[in-house]
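Single chain ahead, written as structure tokens, the form predicted alone.
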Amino acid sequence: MAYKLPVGISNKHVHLSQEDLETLFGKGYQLTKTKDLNQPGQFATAEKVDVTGPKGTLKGLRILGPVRSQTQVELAATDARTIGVKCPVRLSGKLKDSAAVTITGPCGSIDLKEGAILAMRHIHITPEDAKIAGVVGKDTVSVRVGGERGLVFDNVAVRCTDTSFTELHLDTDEANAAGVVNDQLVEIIL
């Protein structure tokens, strides 16, 4: 039996360390939660920043909380081309040798030497759901999308934790190419 899971589409966004948050918004600044995200403990904030590369600026990128140990910018390939940066495809947190960008907030800016990535498509999954699906953390699988523009996404990383909400994360370019919408069901191919 095929294992189906919902899609969560990830728009361009920024994760900040507390130090960088304070550089951009002021000493002692705390993020303002506006909406919980599906992944437990993660949330959208009211705060937005601009991200600049050699060819231009993306204005108003939302910051996602909570603060992290390191600052990271997640873009789709179209966004990266727009501002002239070559971002590697990476899992979140794997920032070595990633693209350099400048982040600007109301109180300052940060020149990141590395930190901008194209997020590798990935599945968040609980251990219980992973067992049912026949996958384990750190697996790489394919996912079939049905519909008029149906296709198969290869090289989908599996991230298995007790605190996951089971879903496939795609960026906006990938979702648009497949005609996928949030919460649409897709199928893991083993």
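Computed from a predicted structure; not experimentally measured. The first residue of the shown sequence is 1; numbering continues from there.
Same protein, other form: the form predicted together with another copy of the chain, not shown, and the subject of what follows.
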### Message
Is Val152 part of the interface with another copy of the chain in the predicted complex - any heavy atom within 4.5 Å?
### Response
yes
### Query
Does any heavy atom of Ala119 come within 4.5 Å of a heavy atom of another copy of the chain in the predicted complex?
yes
### Query
Would Thr166 count as touching another copy of the chain in the predicted complex under a 4.5 Å heavy atom rule?
no
### Task
May I ask you to state whether Thr78 is within 4.5 Å of another copy of the chain in the predicted complex, using heavy atom distances?
yes
### Task
Using heavy atoms only and a 4.5 Å cut-off, determine which of Arg159, Lys48, Arg68, Arg144 is in contact with another copy of the chain in the predicted complex.
Arg144
### Stretch 156-190 - residues with a heavy atom within 4.5 Å of another copy of the chain in the predicted complex
Asp171, Asp173, Glu174, Asn176, Ala177
